[in-house]
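Take a look at this single chain, the form predicted alone, given in structure tokens.
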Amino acid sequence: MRLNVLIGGKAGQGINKISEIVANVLTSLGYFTFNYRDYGSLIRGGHNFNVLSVSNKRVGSIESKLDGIVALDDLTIEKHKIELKKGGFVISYKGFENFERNLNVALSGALIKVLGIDKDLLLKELRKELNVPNAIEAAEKGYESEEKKFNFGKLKNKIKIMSGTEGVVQGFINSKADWYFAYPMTPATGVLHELGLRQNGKHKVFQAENEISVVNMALGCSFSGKRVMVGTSGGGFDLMSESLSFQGMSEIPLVVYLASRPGPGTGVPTYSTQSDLNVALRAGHGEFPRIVIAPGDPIECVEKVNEAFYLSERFKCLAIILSDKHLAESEFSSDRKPNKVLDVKIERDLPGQKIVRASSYEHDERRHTTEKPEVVKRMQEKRLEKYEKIKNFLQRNKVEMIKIYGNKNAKNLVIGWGSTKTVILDALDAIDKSIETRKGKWKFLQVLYLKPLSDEIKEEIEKVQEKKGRVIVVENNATGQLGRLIREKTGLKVEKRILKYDSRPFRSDELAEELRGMGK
């Protein structure tokens, strides 16, 4: 069972609140939800919408056809009625205009009634979230206005809703990090706001005047012995590049949260892409080690941010958490708990304890600057040796660099990374249920660590190629950046690619259809 309901209107009308109220009620009943947000660069007006996908099993994507529309204005119906399935329902704002700011609450009540959910659950949620008499009245009127169409009864699942932003924040807190430095830039700004709201004396948040200041303040703070993270999107990350090179030479631990959005330039600032993989892998002049990790859902955000802090401190290197708008701002539900938290210890010489040097100039082991060719060569090799040390550490400690879903002996292999994870899983479920049953013709290899890259990726590709099967890379960019990275590191070219680069995420039914046409 799965439903897709679009909730649309103008920016400022409270679309997100409808999704939040209804998703929380559904979650309390044990249903999985996924909430996708689509909005332009407007504070008021325009056309915004959410798509709330509901299922009795795991769901992490939306589909191209709608079971229902909740419209806070006429434009929503006009734009989206073509996407409505035969027999689909429409809940209109008309008749509720007098509720003004509580119009969205009235429509929440109407949708809850259509889903066949008891009104008391709605009122309980509203009292917890709003507790305003006018809102309760609006919800009851909305509930009474509709007829029951579905029957969402109680399930046994215990589920929690979380966005990618909330996952990053929790990973930061779990790592006992001290400082977060950032300058606002969509879609990374959510972490800045959330960490600011959650300041409790254990961490501090600082908004600098620009991204150049952000990264240099962070390096100075880390040098003093603090656990530090900075956050930005692609344009801000570009400005940080010179200081990332300074990190490579000085070896001051640093964690960077890079939440991608379309470019080049300003691009489409409130939408999503996976086009910043190249810059995450290579930003900065010179050659120096770094770790690049791409979580695929909020629970992995919690885990991988913690791993980034741990590895950055242990190996004195740059660690980048690569996300995007779709992962950061969508709301996922899960019944899985994060892995055990790694204890991020600071075990290095610190100012105040002894004399400590950090320089952007080449230096020897004692941090004395040098231009001697033999020392330059030795130190360059010493820094680059960290790649193998990091990879060996990850393998030895069974840290997940990749995950494989579905039938491990399947003839068809799909490879993806980051926010494509959940839509690929949903698409493969629709094809032959291989993900759930571990039988069938398909399997999915999720790449979590993009640098260093796991040796198992080559093994999995060769295994499928030996069976004359199909290997397909799925990415939200125009040039297949993961496919290129795999070819660079393994020598294997993946011919089949499904690329989407219109700034919107994949829809699972459309992706399933494309995969069917490519599989064997």
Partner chain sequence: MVKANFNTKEEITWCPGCSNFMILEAVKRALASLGLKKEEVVMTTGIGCHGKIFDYIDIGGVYGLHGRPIPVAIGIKLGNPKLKVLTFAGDGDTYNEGISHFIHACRYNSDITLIVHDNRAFSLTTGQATATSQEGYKTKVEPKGEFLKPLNPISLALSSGASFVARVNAKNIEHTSKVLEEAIRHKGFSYVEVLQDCLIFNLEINNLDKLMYKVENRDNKERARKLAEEWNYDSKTGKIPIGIFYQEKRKTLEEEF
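Residue numbers count along the first chain shown, from 1. Bear in mind the structure is a predicted one, so any value in this text is a computation, not a measurement.
The same protein also exists as the form predicted in complex with the partner chain; that form is not shown, yet it is the one meant from here on.
Though the partner chain is absent from this view, in the predicted complex it lies within 4.5 Å of a heavy atom of just one residue from Glu209, Glu347, Glu97, Glu385, which is Glu209. Between the options Val292, Val114, Cys221, Ile390, the residue in contact with the partner chain in the predicted complex by a heavy atom within 4.5 angstroms is Cys221. Here the marked residues Gly8, Asn16 and His80 all miss the partner chain in the predicted complex; none has a heavy atom within 4.5 angstroms. Residue contact with the partner chain in the predicted complex: Gly196 places no heavy atom within 4.5 Å of it. Using a 4.5 angstroms limit between non-hydrogen atoms, Pro351 touches the partner chain in the predicted complex.
Mapping the unseen interface onto this chain, Val279 falls outside it, with no heavy atom inside 4.5 Å of the partner chain in the predicted complex.
At least one heavy atom of Val205 is located within 4.5 Å of the partner chain in the predicted complex. Stretch 179-187 is the answer when you ask which of 152-160, 179-187, 438-446, 119-127 has residues with heavy atoms within 4.5 Å of the partner chain in the predicted complex. Of all the residues from 334-366, those having a non-hydrogen atom no more than 4.5 Å from the partner chain in the predicted complex are Pro351, Gly352, Gln353, Lys354, Ile355, Val356, Arg357, Ala358, Ser359, Ser360, Tyr361, Arg366.
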